[in-house]
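A lone chain, given as structure tokens: the form predicted on its own.
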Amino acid sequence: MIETKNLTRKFRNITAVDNISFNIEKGEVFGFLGPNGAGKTTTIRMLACLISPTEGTATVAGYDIRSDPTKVRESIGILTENPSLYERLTAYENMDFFAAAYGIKTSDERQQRIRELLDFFNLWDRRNDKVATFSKGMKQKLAIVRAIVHRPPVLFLDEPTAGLDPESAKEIRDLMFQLSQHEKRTILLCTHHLEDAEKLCKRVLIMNKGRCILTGSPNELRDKINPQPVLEIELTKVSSIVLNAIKNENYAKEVKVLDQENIIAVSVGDARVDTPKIVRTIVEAQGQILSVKLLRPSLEEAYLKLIKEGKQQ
């Protein structure tokens, strides 16, 4: 649904986006991660045909961003980091204007679509209030309504949960999941909220200084910084007999007693295969197990480490 090839954007002597290439499948939620100034928003602006690339090209929904920008714009919905709404108009007047601009011609069709979306976001009761009276979170939800009012096959969402309370943020995540899974809409999600990326994205691309550092699933990013699985095992007591029994097994790459005296960490080759073996070894050594869990770095830990490594390169 989206394909970029060597996409580059320069502003005089500054290269904001440097030779980016990636593909996004239909119905996929694809995450864009990176610090401020990494080039994420510039990439989205090129794909949305708001600015032209200096080099390279891309297709969105089958249309080339250079030769067919009008068709691209018709096929997308976009939420910018600072969404602009007409604050002197009511919520309904804003949506009616944008729905007409997006080609929803009849008043009845516009009203039905607007009510459907405002109801979903609990904004219908405020439809006749001027947007200037809305909170930041309410304005954000209204901007998302504007982005999807014409049912575009591709969505560019720049920080969609910014400024939202936990309940509203969950509503947005639920909506994105529904749009991708049930309606097969393709979503490019630019976010600093790694919880959103972890819960929604099949794959993410980490950018820094205009370049792609890594593309992969959240699990692949974790494995990148910690390729060897670690099991954390809590015992009633850690004895030398238990420790020696584990250390004598080939599957135990490294064994550590953590600060808590009754917890050990064991690095293994394959957690799925080796966990039953280590449990059996401990039981046979007369150890009593309270819990076993697989330690995995969070997506945030993986992201921060990869960004740091990228800056050092």
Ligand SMILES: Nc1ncnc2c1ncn2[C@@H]1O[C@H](COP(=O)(O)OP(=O)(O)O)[C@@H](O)[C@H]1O
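In case it trips you up, residue 1 is the first one in the sequence shown, and so on. The structure presented is a predicted model; accordingly, all values stated were derived computationally and were not measured.
Below, we refer to the form predicted together with this ligand, which is not included among the displayed structures.
With the partner left out here, this ligand still marks one of 282 to 290, 243 to 251, 28 to 36, 58 to 66 in the model of the complex; by a 4.5 Å heavy atom cut-off that stretch is 28 to 36.
The listed set Glu81, Glu195, Glu116, Glu220 contains one residue whose heavy atoms approach this ligand in the model of the complex to within 4.5 Å, identified as Glu81. The closest non-hydrogen atom of Thr275 lies beyond 4.5 Å of this ligand in the model of the complex. Shown alone here, Thr42 lies within 4.5 Å of this ligand in the model of the complex, counting heavy atoms only. By the criterion of a heavy atom within 4.5 Å, Leu299 is excluded from the residues contacting this ligand in the model of the complex.
When this ligand is considered in the model of the complex, Ala16 lines it closely, a heavy atom lying within 4.5 Å.
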